[in-house]
Ligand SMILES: C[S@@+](CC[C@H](N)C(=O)[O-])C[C@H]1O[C@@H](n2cnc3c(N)ncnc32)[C@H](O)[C@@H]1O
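Taking the form predicted alone, here's one chain by itself in structure tokens.
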Amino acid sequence: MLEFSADEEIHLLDPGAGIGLLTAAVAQYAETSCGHRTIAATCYELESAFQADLHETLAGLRNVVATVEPTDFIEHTVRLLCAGEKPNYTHAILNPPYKKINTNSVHRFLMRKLGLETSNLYTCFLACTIALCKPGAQIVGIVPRSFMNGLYFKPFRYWLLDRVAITHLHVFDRRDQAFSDDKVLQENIILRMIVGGKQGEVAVSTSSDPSLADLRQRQCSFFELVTPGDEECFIHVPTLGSQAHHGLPGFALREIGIDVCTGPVVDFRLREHLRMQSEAGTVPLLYASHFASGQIEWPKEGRKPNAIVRNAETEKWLMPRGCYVILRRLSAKEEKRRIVAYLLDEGSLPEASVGFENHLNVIHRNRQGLPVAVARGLVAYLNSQAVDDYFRTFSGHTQVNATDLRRLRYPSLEQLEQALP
């Protein structure tokens, strides 16, 4: 994905270089595409266990003059920029570390100096890379797809799209194939960007695994990736060969008088009120484990409680018995669909109230049950192929959040009621 013009000096940045394989790949490609031009490479690698191999790799590249920085890339970047260092890299390639960072971490504080609030090391690495690259520089990164949607990454999406033009987006169809050796289940993408570039069409490609043997690609309007006027600034991946990228017709949940919430019961905060089995004074407590293979099983033998004491302390976390549509926030690995909806019928539980644990999404009306026909229609709709296809255009992980469900479009109440005989 990197291009080299005939007369430019090549200054390559490889943050989190590991043993130097990405820099080696760039060096090999540059040698075949633009001859024996020298690449000035800077490789950041903090892990001491990689240092010897990194130096050995770089020493074997005849067209590379390399500098190894055995220091924290984020900290060093902020220090350079605060000292007035001008961005000078023309190319960058990276496969950054993936790790959540808490609100009070040093890295979170450092990123605020760059005007960015973000929650993962990989977005910190991307942001620092962009900040160190000159206008027109090309950046190619192998990164998780999680920044493309969700509330936590919203500030980063705004920050990113204000500074780069996305020119190519590659997706692996199978999340368990691309990085199977490392058991990475987060969907990863390859992203090519131009710093300070004018946003135009984006090449979107897909393959089932890293061999790229079944590569498919087409040019897409940027508006297929980011819907104009979308305050969340979600970045969609147009599904090649389908119409999913055009979106779903219909209404937002709240437009049809329905809403969704995460299960109100956070079990570790109410631990003293939980019971393994139902007893006098308790009501059913439902976990994600109670929903599997299209069925609801309660009570269920296992490690999770089946009941919660109903009293003054727990009452506000309970919901009245009714007909609800339930979705697990994390889909099981063996399931082919991201969204799997279950119907919780009013008659399936014995008590007047029910507790929903926090790893469930609950579709309700004013925190009460839905009309049965509407609930059945919602289950059929959410379990449809069209919804699954569309959901995959903006979600690359196994998590299904209430925010994601709110941004879907749904049939009208009348259509939902008539969906099933």
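Quick note: we count residues from 1 along the sequence shown, nothing fancier. Note that the structure is predicted; figures quoted are calculated from it, not measured.
Just so it is clear, the following notes concern the form predicted in complex with this ligand, a form of the same protein that is not shown.
At a distance threshold of 4.5 angstroms between non-hydrogen atoms, A17 is in contact with this ligand in the predicted bound form. In the predicted bound form, no heavy atom of G322 sits within 4.5 Å of this ligand.
Shown alone here, I10 lies farther than 4.5 Å from this ligand in the predicted bound form, counting heavy atoms only. For G294, no non-hydrogen atom is located within 4.5 Å of this ligand in the predicted bound form, even though that partner is not displayed. Out of the listed residues G257, P264, P97, G250, P97 is the one that sits within 4.5 Å of this ligand in the predicted bound form by at least one heavy atom. T71 is the sole member of S348, T71, N88, T227 with a non-hydrogen atom within 4.5 Å of this ligand in the predicted bound form. Proximity to this ligand in the predicted bound form holds for none of C128, F147 and V195, with the criterion being a heavy atom within 4.5 Å. Only one of 57 to 65, 366 to 374, 380 to 388, 40 to 48 places residue heavy atoms within 4.5 angstroms of this ligand in the predicted bound form, namely 40 to 48.
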